[in-house]
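Take a look at this one chain, the form predicted on its own, written out in C-alpha cells.
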C-alpha cells in the first residue's frame, strides 16, 4: 500500500443490522464504525456467528442495514435508489467461499457475464475476459466448464469475474475456506498481486488468523456483533487486547497449561521478521537448559517464520534470564504469560 493511501474509500458509521424471524430478533451488527483506506488489504476476522459476513454484505447492500450509513468511494450506499444501486455495485467486486459460478457457462463466459448484463459490447467483453484469464493464470482453460476445473481454478475464475467491471473495491467473503493449504497460499498471493498491481482495495472476511498475517495491512476483530479490536496484524497478533483476540490465537481461548510444571510460560510470536533459523533449539543449546513446548502453530513462507509457540521454561531463575537475553539478542518477540515459582 502506498504512503498516499490514507484516504478512506469505505466509511461505516453507526451500522446495525437486526434480523427478524419466527424465533424473535437476532442482532447481527451493533453500532459499527469503521474506516477502510484506499489501496489497502483490510481483514475482518471473527469466529462463526460473530457478524463478519453480515458486515461485508452490508457494504454492497446485499443486506440492507437496519441503522447507520455505508459510504463507498464517495457514494452513500443506503441513500441510493433501486435503479442507482446496480451501477454503484459495479464498482464493488465480490468473491465467495462457494465460487458461485454458472455451471452451464465456460470460464470465459462466466467472466463475460457481468459485462453482458451491463450492456458492454460482446467483443469488448470477450477481450476483457481473456485479459483477466491471463491475469489469473487460466488462459488455456478459457473454454473449460466449472465442473472441469479444480477448486483453486474455479476461485481464480470467480476472482476474474469480480474484476471484470474494473471495481475500486474487492470483497472476499471466506474466499479460501474451501481450499487446501497449498491452493489457499496461491490464491492469497494472487489477491496480494492484484492489490499491488491494480490498486484495488481488498476487504478480506475470514476466521483464519494465518490469512490475516499473510496479506492484510490492517485488521478488525469482530465479536458478538461489535468491533472489539483494530490495528495492524502485528499489533493484534503479538499482543491481543480483547478476549476475542485471545480466543483466535489460542485453542480454548487461553494459553495452554502444563500440569505440575513450575517454570514460567512464555509465548514467542513470529511475524516474518525472523528467518527459518532454529530459534528454540539454538536457545536451548546456548543456555544449557531444556524447555517444554506446550503449543505451536508456525510455518515458513519464503524462508521466514510466521506464527506462535508457547514454551514452559525451566524452574530456574538464572536459566530463564539467560533464555530471555538470548531471545532479545535474536530479535524474537516474546510475552510472559504466567510467572514461574522459582526464587529470583
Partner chain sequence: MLKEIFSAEMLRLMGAGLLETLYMTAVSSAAAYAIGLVIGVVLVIGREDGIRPMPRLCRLLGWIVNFVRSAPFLIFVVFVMPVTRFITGTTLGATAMLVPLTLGGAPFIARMVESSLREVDAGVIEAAQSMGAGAWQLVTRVLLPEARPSLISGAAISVTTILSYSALAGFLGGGGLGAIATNYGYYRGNSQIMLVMIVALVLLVQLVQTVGGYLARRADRRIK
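Since the model is a prediction, treat every value here as computed from it, not as a measurement. Numbering follows the first chain given and starts at 1.
If you look for the form predicted together with the partner chain, you will not find it shown, but the lines that follow are about it.
Only one of 139, 197, 241, 100 lies close to the partner chain in the predicted complex, with a heavy atom inside 4.5 Å, and it is 100.
Checked against the partner chain in the predicted complex, the candidates 116, 134, 124, 76 yield a single residue with a heavy atom inside 4.5 Å, and that residue is 116. Relative to the partner chain in the predicted complex, residues 60, 104 and 148 are all within 4.5 Å by at least one heavy atom. The closest heavy atom approach of residue 92 to the partner chain in the predicted complex falls within 4.5 Å. Under a 4.5 angstroms non-hydrogen atom cutoff, the partner chain in the predicted complex lacks residue 181 among its neighbouring residues. Residues of just one listed stretch (241-249, 92-100, 205-213, 67-75) have heavy atoms within 4.5 Å of the partner chain in the predicted complex: 92-100.
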